[in-house]
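Form predicted alone, single chain, as structure tokens, below.
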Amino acid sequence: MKNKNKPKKMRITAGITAVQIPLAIWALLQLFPIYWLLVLSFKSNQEIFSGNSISLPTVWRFENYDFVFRNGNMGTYLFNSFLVTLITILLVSTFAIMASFAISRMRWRLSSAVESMFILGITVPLHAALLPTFLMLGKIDLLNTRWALILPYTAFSLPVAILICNGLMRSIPRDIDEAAFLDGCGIFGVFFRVIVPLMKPAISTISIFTFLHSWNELLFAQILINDKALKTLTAGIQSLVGEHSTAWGPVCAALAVASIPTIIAYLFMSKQVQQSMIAGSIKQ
């Protein structure tokens, strides 16, 4: 029996190896830009353009990081990005769960129409809404404030967030709602005590997507904010690029600093994101 099973085990092992090798190569290709960015962030312009920018620096220039924090206002840009992103995530998560609860768990005539209206928001190009957004924010005196970014970021993140929440919320059995009502919970009790705790995977997914969108967005941040003290990371890093010459070492250092929160956020919430992605496809 052992001899008969050995070829089968060898085939299984060979099959697993054949899958793992391409995945490992793909992972290395994905990690290479991060390595390249980190290497460039410790170099001078002369070494970057010497023809071998991939190699490790001959002299590690830690002063590039010191420069972006002392002279490049990196601390201010980080704070502004964190504040705008955090408020956006809170608003998107709150509104998405509330809207999905009304659409998926409550019976009313226009629920399908309202859901379609929200989902249609996915088809609206971000750039097409720039001019109307600029004019509307100007009329209500919100240009050059943090709310000039928070409100558009929230509006453009809501359609995808509601789509994710709807998928997970519809997979939750309605028997749970009925049991909560029998125990004396009202509509708000069911929402806060039953539904919201079960929506943690969706909240994690929404947080990741909203974080990536708000943290990396450049066009709105450049046009809607002029005050240097209110600029976010993307617009702030863009300002480090000079008109006639640019110190690319500090620019890469700033990009490396800006990438760290994104990597940390995904590492901490990747499991919840995966759970949310498959939750809607599992029939309970």
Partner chain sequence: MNKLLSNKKAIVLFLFPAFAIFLTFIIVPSSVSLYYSLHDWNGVGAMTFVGIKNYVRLFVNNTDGFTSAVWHAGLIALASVFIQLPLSFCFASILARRVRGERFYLTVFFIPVIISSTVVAQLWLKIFNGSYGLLNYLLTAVGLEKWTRAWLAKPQTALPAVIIPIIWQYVGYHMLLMYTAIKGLSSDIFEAARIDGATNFQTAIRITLPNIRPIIRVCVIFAVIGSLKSYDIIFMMTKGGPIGATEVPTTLMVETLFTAQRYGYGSAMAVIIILLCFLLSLLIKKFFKVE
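Bear in mind the structure is a predicted one, so any value in this text is a computation, not a measurement. Think of the rigid core as the biggest set of C-alphas that the two forms share within 1.5 Å after superposition. Residue numbers count along the first chain shown, from 1.
Omitted from view is the form predicted together with the partner chain, to which the following refers.
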At 4.5 Å between heavy atoms, only one of the stretches 81-89, 163-171, 199-207, 125-133 reaches the partner chain in the predicted bound form; which one is it?
125-133
Using a 4.5 Å heavy atom cut-off, state whether E178 contacts the partner chain in the predicted bound form.
yes
Contact of G72 with the partner chain in the predicted bound form (heavy atom, 4.5 Å)
no
Could you confirm whether T58 comes within 4.5 Å of the partner chain in the predicted bound form, counting heavy atoms only?
no
Find out whether any non-hydrogen atom of R105 is located within 4.5 angstroms of the partner chain in the predicted bound form, and reply yes or no.
yes
Can you list, in sequence order, the residues from 197-235 that come within 4.5 Å of the partner chain in the predicted bound form, counting heavy atoms only?
L212, N216, L218, L219, Q222, I223, T234
By the 2 angstroms cut-off, has the C-alpha of L219 moved between this form and the one not shown once the rigid core is superposed?
no
Examine L31 after superposing the rigid core and state whether its CA is displaced by 2 Å or more between this form and the one not shown.
yes
If the two forms are fitted on the core, does S44 show a Cα displacement reaching 2 angstroms between this form and the one not shown?
yes
